[in-house]
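Only one chain is given next, in structure tokens, and it is the form predicted alone.
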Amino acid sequence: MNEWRDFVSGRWNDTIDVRDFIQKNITPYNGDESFLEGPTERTKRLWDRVQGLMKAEAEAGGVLDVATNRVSSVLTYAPGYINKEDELIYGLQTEKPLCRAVNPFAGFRNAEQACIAYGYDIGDDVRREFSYRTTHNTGVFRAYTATMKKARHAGILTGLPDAYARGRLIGDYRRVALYGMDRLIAQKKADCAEIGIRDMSDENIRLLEDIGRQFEFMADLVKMAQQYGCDITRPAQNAREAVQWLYFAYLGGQKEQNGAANSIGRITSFIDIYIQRDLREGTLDEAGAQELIDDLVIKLRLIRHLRTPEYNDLFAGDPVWVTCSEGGMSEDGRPLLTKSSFRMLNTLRNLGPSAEPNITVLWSQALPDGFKRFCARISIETDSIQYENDDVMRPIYGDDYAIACCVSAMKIGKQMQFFGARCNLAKVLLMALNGGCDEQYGEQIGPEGKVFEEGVPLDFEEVKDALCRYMEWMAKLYVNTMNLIHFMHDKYAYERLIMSLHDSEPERLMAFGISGLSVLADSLSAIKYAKVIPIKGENGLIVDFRTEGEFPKYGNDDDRADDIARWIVERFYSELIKTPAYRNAKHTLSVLTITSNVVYGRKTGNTPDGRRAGEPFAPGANPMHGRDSEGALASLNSVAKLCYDCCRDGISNTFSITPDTLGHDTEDQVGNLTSVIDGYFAQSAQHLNVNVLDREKLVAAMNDPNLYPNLTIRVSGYAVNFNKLSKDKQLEVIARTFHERM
């Protein structure tokens, strides 16, 4: 077959196996960045046009336009272009760049409110269509129990995907480029035939319906590509087609679903195989190779979804989380690192810093030093990269996994995730002290229990026993809430196209999350090592605390506090797994808050650690702001003690250090940052965001956004343009620890 000319054959020829194709054909690169090219004149023209559109979007209040009269799907819109003559890779979500689509399947009211918030009215045709439809949100609230509603309202369970599309799926978009849609559709038909001879259990009936829905959208994807003059029924025959076919697959998923963090996966090692062949054949040069990657990234930076202000309050900065995973090692010891990995990072120079795509480096101790140093250099220049420990994840997920959202690892095309938001464990402690009542509303939510006495110092073992009882109750409620939500999502808002680019029977993961870890750890530490005296309000509930004496704080490499944090994570996970998950999904857990640590803090009263009601939590697994006082390495050592085995949805750590602390010149900074990342991951830590900047720069940017219009920072598993954060989110970021000593 001409499209596969000069490729090394293997298992991939006979079955759908992109990993085998990569293993047989990859050209690992062990050098440095010296081969890279800057942007071409064509790229500059295109990017200038996009920057003008983005400026207009900002001036319009964050939304440039909304296509209100149509329901978004794969074939809803005619082909769209930025400037066709300058584009190498085609395709927009709607007919105009930065025009957002309406996708009400997860919740009509949510879509309507998003339109209203930006001065638009949802179209009459859309309104009529959805007067006859049940949305995911409607189904969920029909079935919610009274307790589920109370927990949601009080903020014990927050950010639930019950009114919006769940996201966090990684289709294997590479399959379209390697095999073409005809082959993929034929494979799905074979899968249907095999399932069809089984007994018709609930699960097998559901599988047949799932695949039946996938067929329709696979056919639509072919038609969408035809509208752009491309025939994706066959495999790609050169690098430009490989990038285009792959991007069409991703774009189709974005047209159909507006779920956050439907990430693009691990694509550059795959694309590089086609680039290498074109270079050998003389049809491409290095400048052209970089152009392809630059053009793809321009398209990814244009992805937008229509969100309500409430959604943006939880997930600040209008993120999409187009996470792109780079680097890592093969199981046979070769680096899965190519020149295109460098090219992807080079877009942060050619196009400037950006939150999207969410570039994630899969770091291994064995990666070539040239790549490590280049990553560190780009981090110092742009604050736009996050790092995750390939040596920890590869033994679990193999060498063809990728990251969704921020820290969630999945085998590409072979695992999918039911996203599960977060449980506010700081509020669970307050509930345990108040006999199951919410401290802010005074409402009985959990089982009735003892309200601890006023004026009597809290006894650590008694508090711990009460906390364990309420964690057990909370975990059961949490799993059952997620089961209900994802049953309804599959029923009313199933991701037909994205799931068609998974195996027909993928392994399912259900991702739970913790917020308030450091608040709870420090609160328990205060109760154990100091004297904490409860204070009651007029309603007879504990509303405040008087803490006397010092206590160890999480984040200072002090096992007394760090062991409490580790115990919290392990205990809560052990409670979660007691309740079976929907569709036999495996329970996973994250310590990740995105920027919703601000919202969780608003919903939480005074806590025994001295945090005041309404104050933000620390993000993810970070120590509370300013409490990690023993230096950068001590803070990292504390987070590294958390156990990934019970947190396989990820442990987010956002690390900010001043440039002078890293070194007095760039080369020292690059070498020291490389050593810091190596040392942190050598302790089996999982994730690290890196910001190299001074607090004063953020304050200046907050006071005058025009000073640093493109300032990008890592916030909690993802990057964001600082100017897109609301004032309270900016203040919270500024209040975080900026390490000024190692």
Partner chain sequence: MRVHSLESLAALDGKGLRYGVFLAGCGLRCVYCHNPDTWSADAGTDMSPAELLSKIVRYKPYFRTDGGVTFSGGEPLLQADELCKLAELLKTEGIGYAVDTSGAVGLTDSVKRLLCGAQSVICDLKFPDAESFGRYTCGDFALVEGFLAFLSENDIPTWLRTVIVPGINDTEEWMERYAKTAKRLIPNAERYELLGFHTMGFFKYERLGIENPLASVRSLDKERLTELQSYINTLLK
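Positions refer to the first chain, counted from 1. Model, not experiment: these values are computed from the prediction.
The same protein also exists as the form predicted together with the partner chain; that form is not shown, yet it is the one meant from here on.
Contact annotation: of the candidates Glu630, Asp220, Asp391, Asp313, the single residue with a non-hydrogen atom within 4.5 angstroms of the partner chain in the predicted complex is Glu630. In summary, among the residues Gln440, Thr76, Gln187, Asn672, the only one with a non-hydrogen atom within 4.5 Å of the partner chain in the predicted complex is Asn672.
The partner chain is not shown here, but in the predicted complex it comes within 4.5 Å of a heavy atom of Val676.
Within this chain, Thr661 lines the site of the partner chain in the predicted complex, having a heavy atom no more than 4.5 Å away. In the predicted complex, the partner chain sits within 4.5 Å of a heavy atom of Asp668. Interface residue remark: Asn637 is counted as part of the site for the partner chain in the predicted complex, having a heavy atom within 4.5 Å. From the list 38 to 46, 54 to 62, 710 to 718, 676 to 684, the contact stretch for the partner chain in the predicted complex under a 4.5 Å heavy atom rule is 676 to 684. The candidate spot formed by Asp557, Lys641 and Ile657 is fully in contact with the partner chain in the predicted complex: every one of the three has a heavy atom within 4.5 Å.
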